[in-house]
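Okay, here we've got a single chain as structure tokens, the form predicted on its own, with questions on binding and movement later.
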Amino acid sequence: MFDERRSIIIRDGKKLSFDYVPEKLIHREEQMSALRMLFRPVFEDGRSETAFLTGTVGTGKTATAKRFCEDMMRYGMESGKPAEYVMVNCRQRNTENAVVLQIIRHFDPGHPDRGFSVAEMLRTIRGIMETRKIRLVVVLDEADILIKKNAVDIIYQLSRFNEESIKKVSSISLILIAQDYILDKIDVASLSTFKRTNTVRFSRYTRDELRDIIKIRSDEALFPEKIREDAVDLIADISKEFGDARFAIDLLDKSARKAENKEEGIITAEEVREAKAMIYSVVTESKLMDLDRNHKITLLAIARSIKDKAYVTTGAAEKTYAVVCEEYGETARKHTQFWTYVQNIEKTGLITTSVKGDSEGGRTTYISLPDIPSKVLAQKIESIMDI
């Protein structure tokens, strides 16, 4: 079922997993710096602290929290001030009991899941922490689920955990992660422990930031020179619509796995387009059928001229357009009309265009197919044209 042949492209598939967190997170230095500033009193004064991380999907909230906590543990070990952390996915652990059970099992993996109340388990956690004299950070990922499930009391319990400690030799700090701003949705008592200035915001990644992420992840996960530069560019261009690093990494992963089965042994723009079609494609038979003959011929010319490249210039596409027109017995339109056809097709989402400058100060328009392999698209149009 699964062959044992040696991979020729993917050197370390774990580096393409969503669970993998690089030693250094690029383009999230500002957020890491903010967390270090907020949590410095945990080590300096033995205080507990809180932070709220917010931003849309794929903006690095969870990865940043993990990286920060790993670095914090390392610092604690080096400074003789032990620190640990527990990540709780509140979509999977969406009750107060489930959250606390996850925390206690960090210390006692065999702790039974029944027979103990939340209060009893919290007392057990307190005893463990005071014995070990550790600083614990609890990360509640997708914390908005607790609010929807009306399980916000655990936020209060954890944020006030230190108030009952007498010796102050241990502490629990709390990081909440959610896509939307939720501090105005928790109760006043819990909110009092969360300073609004402790909110760390994550904006969507830009196109260039996504390219940097994909380039570094490729270097880590793939054998050398196994992805073409224009394929990296195409992944960044496709992903910039969402600003989502997870989407970009998933696209890289699926592109690599597609390329494993190709003789060329390298990731090209065609594999990226195949991967995008697997994840989500706007190309449908009905969209192609709805194009009139002139627009079908123009799109066919683009598909043929782009081949396995990420982009083709309008000039190159127009030359192929003239050939396709002759093939189908049509008169090739002038450049202005051809450009109108290109613009109309772009409005359907079937292609994208971008203008890039050159070293001589000129500007060239490039056309890209983000959603479907050029060969597949050409075959689809040809079959429709033959009807």
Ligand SMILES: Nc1ncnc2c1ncn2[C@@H]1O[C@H](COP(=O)(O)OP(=O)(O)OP(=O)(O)O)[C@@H](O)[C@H]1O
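Residue numbers here begin at 1 and follow the sequence given. Model, not experiment: these values are computed from the prediction.
The discussion below concerns the form predicted in complex with this ligand, not included here.
I249 is the sole member of L300, V139, V200, I249 with a non-hydrogen atom within 4.5 Å of this ligand in the predicted complex.
This chain appears without its partner; in the predicted complex, the one residue of N294, Q157, Q179, S281 with a heavy atom within 4.5 Å of this ligand is Q179. Residue heavy atoms within 4.5 Å of this ligand in the predicted complex occur in exactly one stretch of 61-69, 317-325, 39-47, 343-351, and that stretch is 61-69.
Shown alone here, Y20 lies within 4.5 Å of this ligand in the predicted complex, counting heavy atoms only. Remark: R304 does not count among the residues lining this ligand in the predicted complex, judged by a heavy atom distance of 4.5 Å or less. When contacts are judged by a 4.5 Å heavy atom cut-off, L25 counts as touching this ligand in the predicted complex. Although the partner is absent here, V355 sits far enough away that none of its heavy atoms falls within 4.5 Å of this ligand in the predicted complex. Taking a 4.5 Å heavy atom cutoff to this ligand in the predicted complex, the contacting residues in 209-248 are I213, R217, A245, R246.
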